[in-house]
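First structure 1, then structure 2: two forms of the same chain, each alone, as structure tokens.
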Structure 1
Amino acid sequence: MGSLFRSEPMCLAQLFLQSGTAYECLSALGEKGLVQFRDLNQNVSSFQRKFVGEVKRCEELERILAYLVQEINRADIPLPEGETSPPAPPLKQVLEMQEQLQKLEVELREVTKNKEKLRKNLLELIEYTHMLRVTKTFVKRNVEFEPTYEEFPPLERESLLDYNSMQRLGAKLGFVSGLIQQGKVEAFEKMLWRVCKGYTIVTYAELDEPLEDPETGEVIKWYVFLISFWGEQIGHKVKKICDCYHCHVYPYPNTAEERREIQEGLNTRIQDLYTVLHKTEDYLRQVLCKAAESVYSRVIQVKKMKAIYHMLNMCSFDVTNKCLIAEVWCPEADLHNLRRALEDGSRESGATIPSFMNRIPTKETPPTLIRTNKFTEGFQNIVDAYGVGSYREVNPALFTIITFPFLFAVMFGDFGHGFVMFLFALLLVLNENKIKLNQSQEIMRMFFNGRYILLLMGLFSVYTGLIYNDCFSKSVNLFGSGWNVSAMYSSSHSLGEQKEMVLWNDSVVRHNKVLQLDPSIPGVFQGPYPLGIDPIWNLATNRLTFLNSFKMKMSVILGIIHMTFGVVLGIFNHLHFRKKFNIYLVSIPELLFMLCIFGYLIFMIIYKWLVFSAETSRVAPSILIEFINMFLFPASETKGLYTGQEHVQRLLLVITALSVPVLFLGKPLFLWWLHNGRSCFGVSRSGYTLIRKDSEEEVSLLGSQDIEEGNRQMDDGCREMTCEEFNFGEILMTQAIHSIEYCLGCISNTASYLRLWALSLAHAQLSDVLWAMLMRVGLRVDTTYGVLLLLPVIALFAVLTIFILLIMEGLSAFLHAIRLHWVEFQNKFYVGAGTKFVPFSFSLLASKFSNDDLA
């Protein structure tokens, strides 16, 4: 509890690491996660530090491992993940590991490149066979047809021939065949027509099955085309257009015999390529399987090695360049383990001179370390989201473990909904050792990380549901109602009692839609319900009025107690930091201001509950009127709650009025008095003690380091100090702002706690509406069709309950509970201006394969 109540004491230590043992010592420190390194080379560029070459080597190894993981995933080979984390590799094995990985990368790239070439050749040959098969049906040609065949008649038969006609006589018929993607066919045909001016004949046919593109590997639909043209110039144009549209062009056979020979040759080459490709893939898979066995350990080792060199770059060298000096923050409780880790590292490296540490004094504010476990981690994260606590100040997380789920349950109170939430959280807790839950989607992982918060929220909601007597908007009669309806009938009483009291008879029951129970009649009210609200209120027409009054007063009581507790916790901070003057000049006036006004309001609420009964309830004064009269001083005397009420209220107002100037001026005047060399109380310090950074106390109390040795030590630690700089106006303005904020905040924060009442009312009404619109309708249906209708109604009711009342309403109550803790509770004592202790620990490195880590 000590560590959770207040952050652990820290110290600044200096490590002297021999050059030959620095790597092993930091490896031992990284395994234990004991210290946080300070950067002693802040003015040195990252590219000019001592171990930048080693960091680049680690980045090169990470690049190679990322390539290996990518190839292993592409081959669908499972990546084994070890349960234990391997240690950082010794320096002797680093060069050997680098050489092995580089050799493996070269081999994999060569084999992969050959495989891609074989695969591309195979796809081209398959396309060629499809092209030959389809184009065989395009043109019917004779065996004796030659490419030198002239399409035009002899010269003697043509009487009128010009120069152009003479050129056409020598023109030859040519063919271009290939494959084109389906989406480019129309544009391709238009381009051929426009460029070749109609001197081409294009024939298309769609392939029956899609083929894989040899260039991109994408499976798409293809069209086979055959273009007939005249002349070499047009042929060149056709080929350029085919290149522009990325057509796969293949040679077109001139004769049927040539077609048959090409087809036979293609089939033989395809079979050979299949054989060679299978053997290549088998060899590649064997290499990848062997690499997959050790890739996990190597990824972790490289990460650890890189982290070590990053920490070494934060160290400085001594004048001889033989020893590295590091400054680290370390918890005082771990100093022994720090020394042992340095000894283990020196022993592992075989050095004759061991590395050692030296504790050094400092006035700097140390980082904040609060040790948590899987139960307290979620609550600590809620507090840290507001701000990391200042060093050694009271940690609100210890009290948040109880107050946060309780305030949530006040707003969410329903026995049924809370029990469903509790079962869901219990399921997560029982299966917390399953890795899949922690690696699931972001929303599910968020629920998993907050499983213990959900568990307590559900458990407290069950309790408040029993107090409200709400279970899916219905009351549960566990102990029997304390109200007796039969006692209201006139037949249950004597004639004398019937004349004095308003009782029921058969006529009254028949002719009145609303009947009123009178608790002053003997036997009607037999005593309070043992636990929570009496279930008879669920049938009352004034149920909402009664619950609103109850929940509103309960919200005010809980809010004032919560805020007062925050002010009390501030006293523990002042005692720890040895600033007792803050207790007398700040905390006590704040408590008096809070208790004399709002504490008195709680007293009036509880007093009225205890003193006035059902018989005297009609003459009971209004608390609101009495509270207003406390400040207005009415001329006419009013009947109060108790005798002497007016004198008590005036005394409380006088105390409140006196506490305000003390709160405004007490602390600034005391610091001004202290600055002029007066004796004080409660400001002694020994060693180094945290004083809030840039605060007025630091200016006035720690302005000078010269403390006279002759002053006697008083019980409160009084010392005489001098101050180099003191700005009374600034201190006065700061304290005035704080005082105004506190005084106004007491009112606004108390009103803010009414959200407990508002959200509880909203949740109860939504639950009631959902029951009335679904379950009540389903239960009132005739028995013939009721069973068939009830099943979908129950299913819809369950879905809407989960998504609206559990998730949406639960999230709303969760956010409001966070606000009450951050704004209304923590601002009374919690500064949250610290820095979190981030140790050099290998456990913080990602231990899973992810693109971000290996990219």
Structure 2
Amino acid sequence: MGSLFRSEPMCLAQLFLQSGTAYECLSALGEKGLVQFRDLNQNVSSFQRKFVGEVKRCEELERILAYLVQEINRADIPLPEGETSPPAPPLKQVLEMQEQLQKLEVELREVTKNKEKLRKNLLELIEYTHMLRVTKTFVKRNVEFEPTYEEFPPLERESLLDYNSMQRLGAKLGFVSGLIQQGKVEAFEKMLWRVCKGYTIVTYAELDEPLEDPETGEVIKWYVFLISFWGEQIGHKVKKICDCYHCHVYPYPNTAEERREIQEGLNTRIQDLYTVLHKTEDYLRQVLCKAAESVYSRVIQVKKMKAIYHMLNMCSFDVTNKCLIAEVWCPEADLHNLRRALEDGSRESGATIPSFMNRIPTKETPPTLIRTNKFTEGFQNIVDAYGVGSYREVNPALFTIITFPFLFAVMFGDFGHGFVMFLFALLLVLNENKIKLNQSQEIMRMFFNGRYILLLMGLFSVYTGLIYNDCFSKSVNLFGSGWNVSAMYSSSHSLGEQKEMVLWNDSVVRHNKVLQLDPSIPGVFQGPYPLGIDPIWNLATNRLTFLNSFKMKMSVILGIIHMTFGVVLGIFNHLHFRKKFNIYLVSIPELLFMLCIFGYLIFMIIYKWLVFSAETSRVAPSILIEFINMFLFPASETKGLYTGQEHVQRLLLVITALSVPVLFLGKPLFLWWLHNGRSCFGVSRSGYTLIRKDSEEEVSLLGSQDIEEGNRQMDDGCREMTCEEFNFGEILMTQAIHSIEYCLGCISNTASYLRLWALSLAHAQLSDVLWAMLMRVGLRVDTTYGVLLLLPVIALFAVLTIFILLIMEGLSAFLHAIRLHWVEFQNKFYVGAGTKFVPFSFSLLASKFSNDDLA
């Protein structure tokens, strides 16, 4: 708990890393994730830093590894993911690794290039055979059906398409044939027609089996075409058009024998290529398999190495260039770990001079570190979403653990719904170690991360549901109602009593639509229900009126307690930051202002509950009127709650009125007095006095050292910056704004807590409507068919309950609970102007390696 109440104390440390061992030290630090590095070279652009060359080398390695992973994935070889993450590679191994990888890359590129070439060759040959097969049918068809050739003299009895005979005629008939992609056929034909003005004849047929494109490797449908044309000129154009549409053109055999020869030759060549390709692929697979074994650890190692060099880039060199100086933020509790990590690092590299560290004093605000576990993490996230806490400030997350689920449950109060939510969260919690849940998609992961919040929210909803006595909008009669209807009948009372009271008789019961139970009649009200609301109210028509009054008062009481608690937490902040005057001049007036007005309101509510009973209820004054009268001093005296009420109220008003000017002027005037009377004390001291005190001796020691080194002037400049000037006007303005905000906020925030009532009302009514519209319909049908109807009705009821009441209503209640915490609660004490502590840790690197990660 202690660690959650405030962020951890931090200190600024200077690491002196011997340049030989810096890499190893940082590797040891990165494994442990202890410190956050400060960038000492902020004004040096990224390519002018010391270790750019090394970073570049890492990038080169990453490029090679990405290529490897891509090839391995393409070959469908499973990538083994190691369980443990290997440490960053020692410097000696890096060169070796680089050499290995480069060799591997060269080899791989060569083999793949060969393979691609072979495959392309093979595909082309296959295409060629297909083309030959298909075009054979074209020619036959041409001979039979082409009417154009009929014009030739009948003397020529040989095949009209015979090349030799055409030559004799003086016209040179040419053929171009090949394959074209399916999508381009139409455009291709059109252009051919346009360019060649119809002097060509195109025949084409679809290939029955899809083939791979030798260039892209895509499997697509192809068309085989055959263009016949006369004349050289047109031939050139046709060829150009074929190029334009990326057709695969193959030589067209002129005679049948030639065709057969080519086909035979092709077949043998395809056979040969197949065997060669298989051998190449086998070899490639072997190489890739070998590479796949180590690729995971290599990727991690290179990532770590790159991270280390990025950190080293943030360090500065000392004058002698022998050692690197890094400035880090480190939690004080981890200092000895830091020392040990440095020792380990130096020992590993076998350096003669160990690296060491020095604490240095600073006035800069350290980053905020709040250690969380899996339970508190969710709540801390809710607070961090508003703002990361200032250093050493009271952390509202600790209280949020209880108040958040509670305020949620006040709005979500339903025993049944709460239980369903609890069960769902319990399921998540019990299965939290399963990896599938961790990596599921976004919405599920959101629920998973908030599983403990959900768990508590469900539990608290069960509790408030019991108090409201609501279970899916129905009440549960566990202990027996405290009301007795039969006592209202005249027969159960003596005659003497009957005269004084309005009792029921048969005619009254028969003729009245609505009957009223009177608690003042003895025997009717037998005492309060042991837990929560009496179930009889579920039957009453004035149930809403009763519940509204109850819930409204409850939300005001809860809200004021919550806000007062916030102001009290502010006192803890002032105590810790040694600003005691703030307690007297800010916190106490604030408390008085709040309690004298709204605390008194609570008092009146509770007083009225306790003092007035059923018998005296008719003479009970209205709290609203009393409260208004408190400010208006009406002329006519009203009958108050208790004697002497007027004087008490006057006193409270005076206190309230007095606290306002104190709130406005107290702090500025006091600071002004301090500044004039006792200058240089306290004003500019903020929360870091503790650290300063600890290390005051070191200041003097290091101070001289720094001057000798002479390279820290710039940093010194930044450190002095925190000494602010005293500006009375500014302080006055800040305090005035703060006071106005607070005083108005007391009223508006109290009203804001009424959302507890509103949402809880809405939830109860919505579930009531759902019951009335669905279940009541299902239950009204008689038994024979009722069962058949009830099944779908229950299913629908369940679905609507989950989606509308649990998810939708739950989200809205969640949102309002968040708002109540962020706005109404946290603005009473929480500044939230800190920066988060982000340690240099390898575990924060994306350890999963996916394709997009590398590519």
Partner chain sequence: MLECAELYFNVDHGYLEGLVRGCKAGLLTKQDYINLVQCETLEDLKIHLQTTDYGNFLANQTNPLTVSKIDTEMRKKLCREFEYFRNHSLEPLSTFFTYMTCNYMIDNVILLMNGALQKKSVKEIMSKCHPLGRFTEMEAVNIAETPSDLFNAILVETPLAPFFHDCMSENTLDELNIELLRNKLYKSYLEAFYKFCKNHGDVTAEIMCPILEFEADRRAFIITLNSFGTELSKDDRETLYPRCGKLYPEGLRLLAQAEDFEQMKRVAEHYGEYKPLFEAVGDRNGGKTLEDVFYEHEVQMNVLAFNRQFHYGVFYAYTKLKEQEMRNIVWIAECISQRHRTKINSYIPIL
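Bear in mind the structure is a predicted one, so any value in this text is a computation, not a measurement. Numbering runs along the sequence of structure 1, starting at 1. Note that the rigid core is defined as the largest set of C-alphas that superpose within 1.5 Å between two forms.
Undergrad: Have a look at both and say which one is the form predicted on its own.
TA: Pick structure 1 here.
Undergrad: Does residue 274 show a Cα shift reaching 2 Å between the two structures after rigid-core superposition?
TA: Yes, the C-alpha moves 2 Å or more.
Undergrad: After the core is overlaid between the two structures, has the C-alpha of residue 189 moved by 2 angstroms or more?
TA: Yes: residue 189 shifts by at least 2 Å between the two structures.
Undergrad: For residue 629, is the C-alpha shift between the two structures 2 Å or more after core superposition?
TA: No: residue 629 shifts by under 2 Å between the two structures.
Undergrad: By how many angstrom is the CA atom of residue 113 displaced between the two structures after fitting on the core?
TA: C-alpha shift for residue 113: 4.0 Å.
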